[in-house]
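What follows is one chain in C-alpha cells, specifically the form predicted on its own.
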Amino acid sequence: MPFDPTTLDGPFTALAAFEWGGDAAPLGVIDAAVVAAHGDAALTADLEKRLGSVISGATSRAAKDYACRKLSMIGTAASVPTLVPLLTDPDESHMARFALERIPAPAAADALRQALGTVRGDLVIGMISSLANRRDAASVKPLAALLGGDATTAAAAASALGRIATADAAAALAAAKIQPGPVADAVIAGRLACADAFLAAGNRGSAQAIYESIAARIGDTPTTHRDRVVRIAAQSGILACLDDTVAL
C-alpha cells in the first residue's frame, strides 16, 4: 500500500519543536516514510520539501541534525541549495556535509568544492574530508593548491589526494615540494595510497613507478624508523607489481 503523505503533517510539526532528549516517537512516522520513499519519486520530493523547511526554519539544532540525516538517505540535487547555507555555520556544517557526501548528485560535490574556497579554520578540514569521502576527482586541483598552506590543512589535502587516487592526484602529490616533516610524511602516505589503489585496479605499471620513486627517495640506508617502514611498504608494493601470480 502506498505511503499516505497526509500522515506526515503531525510528525513534522513535532519535528520542528524537537529537542534532544524529547519525545522521538512521532519521528518514527518520518523514518517509515523515508524507507517507503525509495523508488517513489513523489514521496521523495514531498519529504525533501518538508525536511528542507525544517533545515531552513527557526528550528533547533536537534531538528536540523535529524533532517540532515534523513536527506543523506533520500536527498537529490533538489536538496543541495537547502544544505549549502549550513556549510559555513560552525554548529551545522558537519551535518550538512554528512548529507552532501551521500547525495549522489554532482551538484552536491560542486557545493562542497565551492565551499572549500570560502570557509576558514576547522571548516576547511571538514570540506577536505568530505571531498575525499566522495572521491571527488574534480577536487584534485583545489586540493593540490592547499599542499603549500599551513601544516594541518596541507596534511589533510595530501591525505585526501591519496584517497581520491586518480592519475592527476598522484601527479599532484609527486610534484609537491615539501620540506621534511609531518606534511612531507602525509604526502608520502598519500602517494603510497595512490599506488595501492592503482595496484588494486590492475594498473601495475603506474603503481610500480610510484613505489620505485618512493623507495629511491629514501635510498638503501634509511636513517629513521619511519623511513624504514615506508621503504618496506614501497618494496613490498614493487614485489606485488612484479608478481603477476598475485590476484588483485
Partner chain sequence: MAAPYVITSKALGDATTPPASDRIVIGGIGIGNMGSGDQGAFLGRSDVQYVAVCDVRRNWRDDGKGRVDGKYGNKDCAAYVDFRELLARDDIDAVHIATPDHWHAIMTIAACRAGKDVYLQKPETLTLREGPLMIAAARRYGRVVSGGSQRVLEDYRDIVNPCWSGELGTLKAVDISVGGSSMPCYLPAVATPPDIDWDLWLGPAPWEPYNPGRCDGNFGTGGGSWRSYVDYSGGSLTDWGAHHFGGTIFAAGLLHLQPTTVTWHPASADGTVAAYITLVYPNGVEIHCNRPATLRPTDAKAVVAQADRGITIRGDGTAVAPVPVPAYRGTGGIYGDFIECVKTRERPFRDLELGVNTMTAPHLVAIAQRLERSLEWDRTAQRFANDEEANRLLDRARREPWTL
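Values in this document were obtained by computation on a predicted structure and should not be read as measured data. Positions refer to the first chain, counted from 1.
We do not show the form predicted together with its partner chain, though everything after this point is about it.
- Think of it this way: in the model of the complex, its partner chain has a heavy atom of just one of Val84, Ala138, Met73, Ala107 within 4.5 Å, and the residue is Met73.
- This chain appears without its partner; in the model of the complex, the one residue of Ile218, Leu27, Ala209, Ala45 with a heavy atom within 4.5 Å of its partner chain is Leu27.
- In the model of the complex, no heavy atom of Phe12 sits within 4.5 Å of its partner chain.
- With a 4.5 Å cutoff on heavy atoms, Leu199 does not count as touching its partner chain in the model of the complex; it lies far away.
- The shortest heavy atom separation between Asp168 and its partner chain in the model of the complex exceeds 4.5 Å.
- Though the partner is left out of this view, Ile125 does reach within 4.5 Å of its partner chain in the model of the complex, counting heavy atoms only.
- Residues of 149-187 that come within 4.5 Å of its partner chain in the model of the complex, judged by any heavy atom, are Ser159, Arg163, Asp185, Ala186 in sequence order.
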